[in-house]
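Have a look below at one chain only, the form predicted alone, in structure tokens format.
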């Protein structure tokens, strides 16, 4: 049977609150450091153009049913024509993102800076938490949980008799690491509040693969089935106006 613990208020004052404050400060500091380390090189005009083409193609897909069939077919040919379509990329000109990264040293350097700004602060913070606060029961969640959450919430505590709702200091560190996006969106703004989960997912990537994205959008436009959602809308609008003017 799980045991109920009485948490000392000193743990709240010297473990729980300091951990939370330090995690927030490190997140804000890392944002400004990565901003200073960011390359001042102007964006590539070709990459910007390809990104805008992809956005326009997606807008066409989302609003396809609100334009007549003839207009949609004309726009689709404009994007997907294999002679001069905006989304068509010849095979000899296609270059994957990994090859582009190795051919552009600035891109590789920017990725290295981003990864270092992520890895170094979090490694040092985790070592600090593991050295000074290892084994502490820092908080208690105010609702019951199943045993599946024990490994996530009680990392560093090898006691199966403790209730699952108690959170260890090490687990509190990870909860803050992956769950502070809402707070960072208030402090830094929504577009600058990427959480560490997304950063970790991007660390293994090689950037924006324009050729692959263009090909995906081209295939999506080729197979889309147009179904005009506004048939005879002009006649209906005319009838409504006539009734109102009577």
Partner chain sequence: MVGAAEEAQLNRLETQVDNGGGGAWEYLCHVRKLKARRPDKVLKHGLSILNNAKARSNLGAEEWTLYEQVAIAAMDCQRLDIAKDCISVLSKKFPGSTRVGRLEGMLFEASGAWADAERAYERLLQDSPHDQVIQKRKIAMAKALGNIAAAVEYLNKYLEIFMADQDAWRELAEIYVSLQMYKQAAFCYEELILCQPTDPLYHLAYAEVLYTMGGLENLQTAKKYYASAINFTGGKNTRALYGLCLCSSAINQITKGRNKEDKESPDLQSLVAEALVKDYKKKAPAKLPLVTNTLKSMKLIS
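C-alpha atoms forming the largest set that superposes within 1.5 Å between two forms make up the rigid core. Computed from a predicted structure; not experimentally measured. Numbering follows the first chain given and starts at 1.
A second form of this protein, the form predicted together with its partner chain, is not displayed here; the remarks below concern that form.
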{"property": "One residue of 48, 187, 29, 36 in contact with its partner chain, assessed in the predicted complex (non-hydrogen atom, 4.5 angstroms)", "result": "48"}
{"property": "Any non-hydrogen atom of residue 212 within 4.5 angstroms of its partner chain in the predicted complex", "result": "no"}
{"property": "Residue contact check: residue 86 to its partner chain in the predicted complex, 4.5 Å heavy atom", "result": "yes"}
{"property": "Touches its partner chain in the predicted complex: residue 75 (any heavy atom, 4.5 Å)", "result": "yes"}
{"property": "Contact of residue 228 with its partner chain in the predicted complex (heavy atom, 4.5 Å)", "result": "yes"}
{"property": "Partner contacts for 50 to 72, taking its partner chain in the predicted complex and a 4.5 Å heavy atom cut-off", "result": "52, 53, 55, 56, 59, 60, 63, 64, 66, 67, 68, 70, 71"}
{"property": "Rigid core superposed: residue 146 CA moves 2 Å or more between the shown form and the other one", "result": "no"}
{"property": "After fitting the core, residue 76 CA displacement of 2 Å or more between the shown form and the other one", "result": "yes"}
{"property": "Rigid core fit then residue 29 CA moved by 2 Å or more between the shown form and the other one", "result": "no"}
